[in-house]
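Only one chain is given next, in structure tokens, and it is the form predicted on its own.
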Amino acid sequence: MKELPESALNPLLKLDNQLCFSVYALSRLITKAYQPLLESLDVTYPQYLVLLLLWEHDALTVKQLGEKLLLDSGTLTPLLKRMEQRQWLSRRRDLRDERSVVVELQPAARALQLKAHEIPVQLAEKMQMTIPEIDALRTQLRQLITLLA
């Protein structure tokens, strides 16, 4: 008699029952949904995330950006260099701590903020969700991120 695979004995081992796969697939699809919206700004999704933080704070250290984006400096530094070349931001040593690099928003990036204004609304429409529904989902996801981080 042929043995049943473990997934037949335990439905929790089926791919469709894995939370991690659903979150992974959704993340990829949401990033893909952003692409055409960001093309009008000529920014990539990771650049958009950096811009969102700088639009909110004007200046942050590389360490603070990394903490907020859950990225290490090895990933963040090349991204910031490309953004600096486009004159969206500047990087300088922190006067209070030479080991720290401060990233500051530049006027060219501030102009992009005006163009980006409709992106969240357009994404909500694409996902066929209301802003309150997105807020509720984001709250649940943040709770999970906090628990797992």
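Fair warning: this is a prediction, and the values are worked out from it, not measured in the lab. We number the residues from 1 along the sequence you see.
Heads up, the form predicted together with the DNA isn't pictured, but that's what we're talking about next.
- In plain terms, the part of the chain that comes close to the DNA in the predicted bound form, with a heavy atom within 4.5 Å, is 87 to 95 out of 87 to 95, 51 to 59, 120 to 128, 105 to 113.
- Proximity of residue 63 to the DNA in the predicted bound form: non-hydrogen atoms within 4.5 Å are present.
- Interface residue remark: residue 21 is not counted as part of the site for the DNA in the predicted bound form, having no heavy atom within 4.5 Å.
- In the predicted bound form, at least one heavy atom of residue 35 sits within 4.5 Å of a heavy atom of the DNA.
- When the DNA is considered in the predicted bound form, residue 101 lines it closely, a heavy atom lying within 4.5 Å.
- For the partner-free chain shown, 61, 62, 63, 70, 71, 72, 73, 74, 75, 77 of 60 to 77 come within 4.5 angstroms of the DNA in the predicted bound form, judged by any non-hydrogen atom.
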